[in-house]
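A lone chain, given as structure tokens: the form predicted on its own.
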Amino acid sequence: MAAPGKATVLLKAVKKITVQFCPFESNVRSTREFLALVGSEKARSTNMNCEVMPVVKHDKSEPVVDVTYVDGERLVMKGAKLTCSEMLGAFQSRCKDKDQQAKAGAKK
């Protein structure tokens, strides 16, 4: 988990993150690591209005990360076959795109 922890997580463009998993399944490690990164105090300080909700289930459901951005767009990642680095990379690239779009819209 040391490699993903080096990246700075920015939540400026994010409205809500829901992380759903069953803790007794063997394929939830990357999802839990992602939750630890976006739920950290450092990440949360980048957007105090962002709601990070862990949903712990005991129904053998697949781990899912559901991100809702301020413009209403959603990113749904199924964590069973993704690493934490892959999820973080997809999340960060989308956040950077949204941030650049916001800056471009503000300049007009």
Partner chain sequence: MAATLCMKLLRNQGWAPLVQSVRHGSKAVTRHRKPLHIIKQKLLAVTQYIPPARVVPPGAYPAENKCVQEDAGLSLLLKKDLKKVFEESKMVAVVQKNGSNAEDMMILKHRLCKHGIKVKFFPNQVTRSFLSDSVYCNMAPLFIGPTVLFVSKEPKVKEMLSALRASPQMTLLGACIDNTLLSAQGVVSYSKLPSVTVVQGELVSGLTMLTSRTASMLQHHPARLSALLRQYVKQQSPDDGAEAAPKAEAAT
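Positions refer to the first chain, counted from 1. Only a predicted model underlies this, so the values are computations on that prediction, with no experimental measurement involved.
The same protein also exists as the form predicted together with the partner chain; that form is not shown, yet it is the one meant from here on.
Enquirer: Should residue 44 be counted as a contact of the partner chain in the predicted complex, where contact means heavy atoms within 4.5 Å?
Expert: Flag for residue 44 set to yes.
Enquirer: Any chance residue 29 has a heavy atom within 4.5 Å of the partner chain in the predicted complex?
Expert: Answer yes; at least one heavy atom of residue 29 falls within 4.5 Å of the partner chain in the predicted complex.
Enquirer: Determine whether any heavy atom of residue 56 comes within 4.5 Å of a heavy atom of the partner chain in the predicted complex, and answer yes or no.
Expert: Yes, residue 56 lies within 4.5 Å of the partner chain in the predicted complex.
Enquirer: Although the partner isn't part of this model, could you tell me whether residue 35 comes within 4.5 Å of the partner chain in the predicted complex, counting any heavy atom of the residue?
Expert: The answer is yes: residue 35 has a heavy atom within 4.5 Å of the partner chain.
Enquirer: Can you work out which of 40, 83, 61, 68 has a heavy atom no more than 4.5 Å from the partner chain in the predicted complex?
Expert: Flagged contact: 40.
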